[in-house]
Structures are given as structure tokens and as C-alpha cells.
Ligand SMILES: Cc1cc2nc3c(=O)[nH]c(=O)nc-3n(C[C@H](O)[C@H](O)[C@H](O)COP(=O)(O)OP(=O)(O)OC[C@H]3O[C@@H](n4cnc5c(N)ncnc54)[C@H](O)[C@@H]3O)c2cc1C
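Let's start with one chain on its own, the form predicted on its own, as C-alpha cells.
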């Protein structure tokens, strides 16, 4: 089922409802598949990867991208996309900035930007008007789980996706989940990894060969937003990949995996940001040391 894009209605931008406001993914389709030019002077709201890629795409098509505006003090996209899509084309990235108003009734005529404080509130006196005819929204993805809810699948409030174990099975017997419907991924490589795990175990389940033992939970501690999978088989016979995101920008820290306060694994990281997913592999040999719930935290080296 994958993800859907967060819309303008979900982020409450004041102003009229003129033509020229697009989700970045819709603009990508119109440009790449339908051959339409969505605008000539563009402001992109949000620095998600699709928005960054569309900044480059619109520039190559002859449009002028006035700015990429981001409410956070850091980009929401991959570092490589910041470099290749913005820096290489001299497109400004305005951090800790929000769109406080969209001008125009029939067609977008411009936007008013405001600097934001640490609570994301507009700072008076920092307003700036930028003339444009299009606004592209790249303000995040939401796992599409309408069918999951109807089927009774339990969702994780942090990921908005199903709670799964290392076999990618949900709480509903015979229902497996993987990819962006579980949590938003940066790279399709990780989606492919998960899909192979889900496909293999779904096949074993259909043959009555999937053995399900007791599980321990994975718990996001200091500095960690969430961990997938949320449960791990105590008698797992394969290596496990834990996918997670950090809550802030960290430099020269380490990720520490514990079970019952006993350190199982440590991984040093020179640089970690919320927009790039972290991946820790726990080898099957370490599972003999796991006696309780698994916690992961960001700590000093």
C-alpha cells in the first residue's frame, strides 16, 4: 500500500486556494510522465527528497526555483540530494523558515515567508515576500494504512505503520507487511531487503513451516525516535536488521544496543541526522545474550 503525501490541508497554510499548489509527487508525475510544465517561478515548501529532486528537475526544464523552504533547522532529505539538487544549481535552502501566507485567488502570485523560533512560531518582523506562480509541497509521507485498520492490524503511533516482528508478520495471523506502509524509507534498497524477508516468511507460512516463538520488544531510548521491527523472535536463527531514526543531529556518538541493561552491541557514528535512517545488524550469534527487551540509545563515545 505504500505511502501518501501529506497535503496542504494537513499543515494549515493560510491563504486562498489558487491553482499552482501541488504536492511534489504530483508535480513529478505531471512533469516526467505527462510532459506538463507546472510553473515558471517556483517555491518548494519542505526539503524532503522528492522536493529536492523536483528542484533540480524544474531547473533543468527552464523554471526558476526561488527557494526551498524548511521549517526544521536541518534538511528532511538525504545529504547527497542537498548537494546534487540544490548546491550544484545554486538553489537557496532556507532553514527554520515557514510559509505564513499564499497569495493569489485564481493563480498563485507569491508567498510570504517568516523565520521560525525553536517552537516553530513565526518571528515578528522577519516576513519576506517572494513572487512565484507555483508552490510545491514536500512536507512528508504518511504510511497508507486504511486497509490495515479495517483488517484489525495494530499500528505503531510513532511510525503510523503496522507493528511487525523480524518475520514482518503483523498481529493478524497470515498478514505480512513491508516497505513504506510499515515506515517511511530513504532508499529503495532497504525496501527490497524487507520485501525479501516478508516474501520468504509468507511462503513458509503458506506451507505451515513458519515457526513463531515468544518475542521480545525493541524499545527506542534516548535519542531514538522509533525502531522497526518492534518485536524479535527469541529463538531467531538469522541475522536481524534494526532500522531506526534519531531525533536530532548527532556527531561523534555511538548507538548502544542493550538487553536487560547488558550491552549487546555498540556502533560508532561520526554523523547522524533524522532524515537518514540508521541500520544496525545484530548477528544471530548475539541472540544467546538476549534475555529481555532490546533497547537502543544514542550515547557519548
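This one's a predicted model, so the numbers in the text were calculated from it and none came from an experiment. Residue numbers count along the first chain shown, from 1.
Another form, the form predicted in complex with this ligand, is not on view; read the next lines as being about it.
The single contact residue among 127, 88, 117, 144, judged by any heavy atom lying within 4.5 Å of this ligand in the model of the complex, is 144. Out of the listed residues 28, 275, 59, 259, 28 is the one that sits within 4.5 Å of this ligand in the model of the complex by at least one heavy atom. Relative to this ligand in the model of the complex, residues 71, 249 and 270 are all farther than 4.5 Å at every heavy atom. In the model of the complex, at least one heavy atom of residue 3 sits within 4.5 Å of this ligand. For residue 220, no non-hydrogen atom is located within 4.5 Å of this ligand in the model of the complex, even though that partner is not displayed. Within 4.5 Å of some heavy atom of this ligand in the model of the complex lies at least one heavy atom of residue 178. Among residues of the shown chain, residue 211 is not one whose heavy atoms approach this ligand to within 4.5 Å in the model of the complex. Residues within 4.5 angstroms of this ligand in the model of the complex, judged by any non-hydrogen atom, belong to 183-191 and to none of the other stretches in 165-173, 203-211, 100-108, 183-191. Contact residues in stretch 263-282 (any heavy atom within 4.5 Å of this ligand, taken in the model of the complex) are absent; none meets the cut-off.
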